[in-house]
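The chain below stands alone and is given as structure tokens, in the form predicted on its own.
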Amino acid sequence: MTAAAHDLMTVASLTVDYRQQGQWHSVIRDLSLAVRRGEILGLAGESGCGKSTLASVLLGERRGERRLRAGSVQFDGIDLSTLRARELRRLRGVRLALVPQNGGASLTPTLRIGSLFAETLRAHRPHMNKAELAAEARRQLSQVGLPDPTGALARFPHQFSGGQQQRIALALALCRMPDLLILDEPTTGQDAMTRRGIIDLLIRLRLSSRMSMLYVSHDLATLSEICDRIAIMHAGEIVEIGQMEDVLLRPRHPYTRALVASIPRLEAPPDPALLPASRRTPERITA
């Protein structure tokens, strides 16, 4: 794949292996993909198809049990494999950010939330004083719908629920204002109101800042609300990619058609056998 001027992240013919019991096994095979500047690209597929592995590789993360056997990953023309560890950390700290599926795992357990924000914000806005750092942290927490942002700054990560930890992780990533935000199932465990608020926030951010996003999820219904394009991943490969409307309305690959068919639809009548007993229509008794 040749990088176009409008592509921010380009993946070309990527093959990734994991070592298990002394043997290398491919989890991503000959995968090519591009995230354009200012777009939200959805990445959909079943659990275990390699979505989270791809998100990790796009951040330049290097692990001993994993190897990039072929292909390349370029961010804004920079081949990530050529960067030293310090250069990668700098890139991830400023221009690339991840919201992991388990947001709590990304929060340092021994630091209060206020300290986490101060540490992150100082790296990008060193001119801000203590009061300004706290005000910005409250603003970011309020944006993601966390109750009592002021009180939250004095608490530790373990004092929040899993869903609240996820929102804090999202707020920390957003306060960096990265060029590319990678979201790995960011609304998992959220209630409907919070999920709606997060999606609306991401749409506003894309419109106001032209931030590019890769939204990883198995939920096509959610992706259809927010993404411009969607890539369908199956067994370590991209089997279909295109504009959201085209893929959902005119799926070409059998796996894509199966995914689209699994989306719940309000107009479809419920199967009476699946309803709770209290909601089933009573059987007619005839003499």
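Computed from a prediction, not measured in an experiment: that's the story for all the values here. So that there is no doubt, residue numbering starts at 1 and follows the sequence shown.
Note that the form predicted in complex with a small molecule isn't included here; everything after this is about it.
Contact with the small molecule in the predicted complex holds for all three of 20, 27 and 46, each having a heavy atom within 4.5 Å. You can rule out all but one of 46-54, 221-229, 33-41, 251-259: in the predicted complex, only 46-54 has residues with a heavy atom within 4.5 Å of the small molecule. 101 is the sole member of 190, 101, 165, 143 with a non-hydrogen atom within 4.5 Å of the small molecule in the predicted complex. Among residues of the shown chain, residue 179 is not one whose heavy atoms approach the small molecule to within 4.5 Å in the predicted complex. Heavy atoms of residue 245 never reach within 4.5 Å of the small molecule in the predicted complex, leaving it off the interface.
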